[in-house]
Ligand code: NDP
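Encoded as structure tokens, the following chain is the form predicted on its own, with no partner shown.
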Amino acid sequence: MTAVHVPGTPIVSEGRLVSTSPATGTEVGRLPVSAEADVARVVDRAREAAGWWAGLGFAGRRGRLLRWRGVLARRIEELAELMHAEGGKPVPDAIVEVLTAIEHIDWAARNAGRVLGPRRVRSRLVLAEFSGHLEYQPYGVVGVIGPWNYPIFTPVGSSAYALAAGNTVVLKPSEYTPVVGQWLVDSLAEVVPEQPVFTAVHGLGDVGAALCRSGVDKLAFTGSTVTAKKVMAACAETLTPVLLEAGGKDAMIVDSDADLDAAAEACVWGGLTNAGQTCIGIERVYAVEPVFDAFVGKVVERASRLTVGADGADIGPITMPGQLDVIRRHIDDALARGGQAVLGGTDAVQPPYVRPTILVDVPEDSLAVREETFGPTLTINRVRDADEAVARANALPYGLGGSVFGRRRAVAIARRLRSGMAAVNSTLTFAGMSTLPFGGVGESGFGRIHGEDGLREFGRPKAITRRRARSLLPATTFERTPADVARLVKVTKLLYGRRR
């Protein structure tokens, strides 16, 4: 019996990875699958190109990357339509994603020299005869394993910063969005035709594993926590450093003095944009008792207006067909445990779509609260006060982002969230701010992309000292005399021995 192909599921046919639309099943493109030897060759070519790319210096790379930014800006509609066709993302959401990626390319290109370039570091009195110097040198070749849910924004968040730092990059796009990944690589080649500084390898999970073991000098991964642990284990075989952005189960806290209209609007966007397929998306909400009912009503009213479909809708299809079962199981479990669906429910799952579903009074040990759902669903639970909300938000091992709505205590509450990022009176905004680092804690991974920390993530710190005078307090020499040692003791006591 011939297996029926589910739209959106990647298949390999005659050595090609075939990508289809999750909404219609229409073929979007096919790309050659990379064998392990192919991955090794691509990495070797990237290593040969690395010297040339690093040799351009910060100014040379800046010019090329700004031209790349221009290509994306001029062709933003084309790229958005391709993302819509391959991943099902609504075109307006795709345009916002590309715009955000363009902003990150621009910032990385303009700031790499300032952040990573050579600079003088102050010395201390004991080594006053030496000057200190610090610079960040490129690793060489950086491997990037990208996700399907944000196939431009997320790879750019690693790749643009790695390129600006002087590395070459080998990208393994998700098998669900390989055509978009190849488009990204080809667009840079238009402005950097001399050398393969940004290349791609395609295939299923085995190709990603091959990239981990290919000899890249660092690897950046975005995906599930389960896969992140496998990536880390594979890279550990060669002590290849890794940057991991893994799963999330982000929470929003709504305090008693919150602007409920603004909170509801942000909650619906933060939880349901991209059909809920967002690692930093809001999946859990904790609203304090005095505002709970009013807040839920405002969320339901806004969410119920959203349209679902292939073209021109607010919410598109679920990109990974297998995720539909996860979403259905989480909804069923929440209802079976006493939760209530005030919008949607089990019948909301209508492959390849899921209609917005709002669940209230869901037990904290349910799947919908504890596991990443990755669908257009929200759990909203009432809490006594902000302290209880923080305790519940921090109860899971994840720690990616979060959101707080309120006035007097909002910033203080945000600081208490166990997360790498938090937004006050907004959701997801930290992702688009190129000056801030992006990343998580706990089972949401470690390392940072974006901002100055994101640039430093892709450079090895190189410390250099240089003698500039004769030593007045010789310490690091066998030529020191007893008198020198006595002076060292005296100076140490004077500098550091005072009682305070």
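None of these values were measured; they are calculated from a predicted model. Note that residue numbering follows the sequence shown and begins at 1.
There is also a form predicted in complex with this ligand; it is not shown, and the following applies to it.
Peer 1: Using heavy atoms and a 4.5 Å limit, would one call residue 221 a contact residue for this ligand in the predicted complex?
Peer 2: Yes.
Peer 1: Given that this ligand is not shown alongside this chain, does residue 227 nevertheless sit within 4.5 Å of it in the predicted complex, heavy atom to heavy atom?
Peer 2: The answer is yes: residue 227 has a heavy atom within 4.5 Å of this ligand.
Peer 1: Give a yes/no on whether residue 204 approaches this ligand to within 4.5 Å in the predicted complex, heavy atoms considered.
Peer 2: Judged by the heavy-atom cut-off of 4.5 Å, residue 204 is in contact with this ligand in the predicted complex.
Peer 1: Report yes if any heavy atom of residue 162 sits within 4.5 Å of a heavy atom of this ligand in the predicted complex; otherwise report no.
Peer 2: Although this ligand is absent here, residue 162 would stay clear of it in the predicted complex, with no heavy atoms inside 4.5 Å.
Peer 1: Just to confirm, with a 4.5 Å cut-off on non-hydrogen atoms, which of 400, 296, 105, 263 contacts this ligand in the predicted complex?
Peer 2: The residue from 400, 296, 105, 263 that makes the contact is 400.
Peer 1: Just give me the single entry in 375, 87, 157, 173 that has a non-hydrogen atom within 4.5 angstroms of this ligand in the predicted complex.
Peer 2: After the contact test, the surviving option is 173.
Peer 1: Among the candidate stretches 196 to 204, 356 to 364, 254 to 262, 77 to 85, which one is within 4.5 Å of this ligand in the predicted complex when only heavy atoms are counted?
Peer 2: Every other range fails; the passing one is 196 to 204.
Peer 1: For a quick check, can you give me the residues of 315 to 336 that have a heavy atom within 4.5 Å of this ligand in the predicted complex?
Peer 2: Read in sequence order, the lone residue that approaches this ligand (within 4.5 Å, in the predicted complex) is 320.
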